[in-house]
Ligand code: ARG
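Single chain ahead, written as structure tokens, the form predicted alone.
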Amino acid sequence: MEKIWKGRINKDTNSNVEKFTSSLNVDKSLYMYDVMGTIAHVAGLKKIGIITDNELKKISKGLKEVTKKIKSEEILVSDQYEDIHSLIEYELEKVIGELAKKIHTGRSRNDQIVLDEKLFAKDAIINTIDKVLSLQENIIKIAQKEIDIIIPAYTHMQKAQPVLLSHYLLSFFEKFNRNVRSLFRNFEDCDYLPLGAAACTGSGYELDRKLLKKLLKFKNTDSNSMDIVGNRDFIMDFIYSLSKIMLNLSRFCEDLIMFNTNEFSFIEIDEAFCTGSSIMPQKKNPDILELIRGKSSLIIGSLMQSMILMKGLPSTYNRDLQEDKKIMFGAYQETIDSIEIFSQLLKKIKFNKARIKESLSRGFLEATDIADYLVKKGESFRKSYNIVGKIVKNCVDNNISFGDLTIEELKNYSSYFSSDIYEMVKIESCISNRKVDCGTSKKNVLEKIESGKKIVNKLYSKQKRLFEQIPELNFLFNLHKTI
């Protein structure tokens, strides 16, 4: 098959070169966006007199037929086509003849591919936001249901202080909330029309870019043709957001893997989300969590790939950029798959309340509250800290707990101790003492749960409004009837 760039090159392309340079197996998923951009571009050509009304109608109908063939896989993807752009152009020619050769007037594959990628990214961002919001909803529901469970909080992987399980879960709600905000910013950065840049210096035809922006539902127009064709910041930024999501998922998975061990036994993962061992009959492995943790490294690696791809490139378009789609598509798919299955797994987790309660009795989780008790009685904090440290050392040496000490024994450490200490340092009191608005008191956490519900609903509404900035293929197919 003749190449769309025939003329300067007289020799047939080497078969190995054909295979090596073809991107169709990757960019074929952009066919819908390429069709959208083509219809809008042809409408722009019609406005400046390059295309007639009747030709626009024939091209629109032809593209609709080509789209159906691609969707039904009637058109075989093979190395005879260099990319999705040439496939659509040549297949359109089979349907409408020589007229198809007009559709590329005034544009280049350089601005064409940026358009396709931005349209894809806008859709992908909307879908990713949806997945993360669904996960946040599940976190909120579990936090509300299990509001009375208290677990040990850890620093340096050592027991630190008691905390509401709900407060722990909401810490990940906050992480994912930042991720959603990043995704909304990514959408805004994608919302600049690239068409009109052509190869690198701008189209040789006075295209109405405001019309193209309106038809393709972009909010803004990019302003420098050289920057447009070489810009992949929007891809790197999107992958950066995906990397942060996967990083947070990985940390969540790491906690749950730890809590699921026999040594902790804080949670039980539903068997439907576990696998067994090929040799050890007793095993019930948290493979889903481990795979997500592993996949996070792939997404972070994708971010590095996208940046390194750009690092050594001279200005404008270079063929290296053919590889950016593979990176973005892979990072996106792995991320949404991970979010979705993690969200399903999380809903099925059971909490071992008896084991958790038993764990709270060990590790001197009330130590900080004892020090705070002495401070509130009049002691300095640094001296209080030293006193409680000595008490803990004594308890450890004698294999006893703080509650085993009499008030007389406590007074040997500080005269500020009185009988109210035993009530003040109950685990429940340690929780209620954290009244600062970011703390783990039940009142604060319940308020954060209600606030979280409102945040999710507000973000869902904001996400739905993004669909207004996504072009509709059926509208574009019938564009010839309206302009």
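A residue's number is simply how far along the shown sequence it sits, counting from 1. The model shown is predicted, which means the values in this text are computed figures rather than measured ones.
Keep in mind that the form predicted in complex with arginine is not shown, yet the notes after this line are about it.
Here the marked residues R109, I113 and K325 all reach arginine in the model of the complex, each with a heavy atom within 4.5 angstroms.
Among residues of the shown chain, S23 is one whose heavy atoms approach arginine to within 4.5 Å in the model of the complex.
The shortest heavy atom separation between H85 and arginine in the model of the complex is within 4.5 Å.
Within 4.5 Å of some heavy atom of arginine in the model of the complex lies at least one heavy atom of L321. When contacts are judged by a 4.5 Å heavy atom cut-off, D34 does not count as touching arginine in the model of the complex.
Heavy atoms within 4.5 Å of arginine in the model of the complex map, among the stretches 313-321, 190-198, 300-308, 208-216, onto 313-321 alone. Along 343-382, not one residue places a heavy atom within 4.5 Å of arginine in the model of the complex.
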